[in-house]
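Here you get one chain, nothing else, as structure tokens; it is the form predicted alone.
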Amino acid sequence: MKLSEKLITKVTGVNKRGSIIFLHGFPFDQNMWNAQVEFLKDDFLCVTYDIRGLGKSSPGDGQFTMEMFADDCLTIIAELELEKPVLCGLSMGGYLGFRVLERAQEIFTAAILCDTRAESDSDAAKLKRANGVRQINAEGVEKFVEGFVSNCFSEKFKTEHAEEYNVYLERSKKSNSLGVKGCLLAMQGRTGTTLFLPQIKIPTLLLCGTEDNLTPPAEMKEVADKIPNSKYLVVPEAGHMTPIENPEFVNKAIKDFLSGLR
């Protein structure tokens, strides 16, 4: 079985203007990009998949590293024979995106990075990841996910779009505990890519929600400032999950960015 099949890869749309590979955030799955895929599918071949241990993918032994995730992404691109795709990642998908670009930016046309950071975990962040593993072991994955996912969305979205919020919350609560812990350890052990940012030569769009408390706009602006000729936009009325919380703004931003590549 091909890796793309094991990671429940979905290929949607037509390749009129190229392809886009989407990398989802933690502890979500590929469905977080549904609004973008639906919006872009008439012009682009949209590829989504469940990162190891999340969604419907198998957690295996739960021993994950960010390098393994990068290997997976590059393998899927090769298996699907994607020619110069656009890379689009959010949060953990952004960590992964930066590392994939560091390894092989020449195979991509452009990059879109949402609500993420380039540096590796600080000591405080590492301890927080470790506490997450401890909580899962003691209280179960549902309790951990409930607290984590709540911090990913703005209070306004959780109030005004409670039904949609609960869909993502309940889906994430079904995550395999071994897979969630494996992702926490992969993020904890990842290398920083800050020094690589000035070497990014492909067009890059960075997006961040105004209410993002996990990767605040000021922090993402610092990342954007280090990438030559990048474009940075703040997404209004959104927390950490910008593609879900304000899909209209994000879709237009992506469309305008991709139109400028022609």
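The first residue of the sequence shown is number 1, and the count goes up from there. Only a predicted model underlies this, so the values are computations on that prediction, with no experimental measurement involved.
One more form of this protein exists, namely the form predicted together with D-malate (MLT); it is left out here, but the text below deals with it.
- prompt: Heavy atoms within 4.5 Å of D-malate (MLT) in the model of the complex: does F98 have any?
  reply: It does not: once D-malate (MLT) is placed as it appears in the model of the complex, F98 has no heavy atom within 4.5 Å of it.
message: Even though the partner isn't displayed, in the model of the complex is S91 close enough to D-malate (MLT), meaning a heavy atom within 4.5 Å?
response: Because a heavy atom of S91 falls inside 4.5 Å of D-malate (MLT) in the model of the complex, the answer is yes.
- request: Answer yes if any heavy atom of F148 is within 4.5 Å of a heavy atom of D-malate (MLT) in the model of the complex; otherwise answer no.
  value: F148: yes, in contact with D-malate (MLT) in the model of the complex.
message: When the contact criterion is heavy atoms within 4.5 Å, does M68 count as touching D-malate (MLT) in the model of the complex?
response: Output for M68 is no: heavy atoms all beyond 4.5 Å of D-malate (MLT).
message: Looking at 68 to 76, 157 to 165, 83 to 91, 133 to 141, which stretch has residues with any non-hydrogen atom within 4.5 Å of D-malate (MLT) in the model of the complex?
response: One stretch meets the cut-off, namely 83 to 91.
- prompt: With the partner absent here, would F108, K201 and L261 each sit within 4.5 Å of D-malate (MLT) in the model of the complex, counting heavy atoms only?
  reply: Zero of three within 4.5 Å in the model of the complex.
field: Interface residue in the model of the complex among A118, M187, L178, L169, criterion: non-hydrogen atom within 4.5 angstroms of D-malate (MLT)
entry: Contact with D-malate (MLT) in the model of the complex is made by M187 alone.
query: Quick one: of L214, V234, L195, A35, which gets a non-hydrogen atom within 4.5 angstroms of D-malate (MLT) in the model of the complex?
result: If I apply the 4.5 Å criterion carefully, the residue I get is L214.
query: Even though the chain is shown alone, can you say which residues of 8 to 25 have a heavy atom within 4.5 Å of D-malate (MLT) in the model of the complex?
result: Counting only heavy atoms within 4.5 Å of D-malate (MLT) in the model of the complex, the single contacting residue of 8 to 25 is G25.
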